[in-house]
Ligand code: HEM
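As a starting point, one isolated chain is supplied in structure tokens, in the form predicted alone.
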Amino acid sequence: MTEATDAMLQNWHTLAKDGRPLDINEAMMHLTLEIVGKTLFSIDLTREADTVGEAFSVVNEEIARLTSIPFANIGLKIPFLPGTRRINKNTAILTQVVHGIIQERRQSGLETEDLLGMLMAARDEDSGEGMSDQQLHDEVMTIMLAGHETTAVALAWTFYLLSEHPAVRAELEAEVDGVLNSRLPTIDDIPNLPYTTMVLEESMRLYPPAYTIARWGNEEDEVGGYYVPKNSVITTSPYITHRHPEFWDDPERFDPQRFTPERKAERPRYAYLPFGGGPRICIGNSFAMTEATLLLASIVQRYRLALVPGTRVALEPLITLRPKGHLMMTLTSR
């Protein structure tokens, strides 16, 4: 994680020197995709970064558009509709990338102890059978996309918030400088970077990448006085819950101090759920928080990012909660 970040930061030197801005959301997408490839699949996905990013963006946008209109499921099954054609075309591109990851591993014959190796070696407890090709494909696709998109979006929103709140940024820089003393962070540093973690937690409170979470109701139920029929799709919204005044004082304000151990203990368990909760809590939450903390600390100690004046920042609620358009920022070497 930190090696990939260090390489990216070295490439930023010229941008900072020339005063050229960069799209921080796009930069984080490239970085987190590279990290997912190397840490979970032992493969370099930097060549595919633009291809994957563009294809996933199209799928993201089209599915978000379709699910906002009636009879979306029917629309997805009509192949000649323009939106469905775009989804199918770009899904095929993503499938090709995933197929390449799996085929490269099979042809190499390596038994690498990464996530891909674990998935390929997994056996059903009862039948002893391994995953089908389709199951393996679906697991790799989900982890590749969800494992980089959400962390990238969380970091992009964090840099935006830091740019708008210089006092928080100064406190974060002071912690990072004091702990790291100009070296790359390691996983052992994370317990000594509590404010860094609090900044990320507060950023994900205001801008949770997974801003809605849907569940299938297996049985009929009653929730808050409302009857819920069997087989209902039940959608909760972390975005709304995270701004609910019953749980959060001055909920629109960016305040990492909300996440001190004492204040966290005072809140109801599910007042904060950026990774969901219960038996189906995000399987990658520890990976994501470790990655985001290491990346944020690495970047903050080397560069200060500032939103380009006049940039209009808006939400784009697709599958994840992205910034709309380009989130352009300038770099200042520290």
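Residues carry their position along the shown sequence, with the first being 1. These numbers were taken from a predicted model, which means no experiment stands behind them.
Missing here is the form predicted in complex with the ligand; even so, the following discussion is about that form.
Proximity of Val58 to the ligand in the predicted bound form: non-hydrogen atoms within 4.5 Å are absent; the residue sits far from the partner. When the ligand is considered in the predicted bound form, Ala156 lies well away from it, no heavy atom lying within 4.5 Å. Under a 4.5 angstroms non-hydrogen atom cutoff, the ligand in the predicted bound form lacks Gly37 among its neighbouring residues. Heavy atoms of Arg269 never reach within 4.5 Å of the ligand in the predicted bound form, leaving it off the interface. You can rule out all but one of 227 to 235, 206 to 214, 170 to 178, 121 to 129: in the predicted bound form, only 206 to 214 has residues with a heavy atom within 4.5 Å of the ligand. Taking a 4.5 Å heavy atom cutoff to the ligand in the predicted bound form, the contact residue among Ile43, Ile283, Ala64, Ala306 is Ile283. Contact with the ligand in the predicted bound form, defined as a heavy atom within 4.5 Å, holds for exactly one of Ile143, Leu161, Leu116, Met198, namely Ile143. Taking the ligand as positioned in the predicted bound form, the residues of 285 to 305 that bring a heavy atom within 4.5 Å of it are, in sequence order, Phe287, Ala288.
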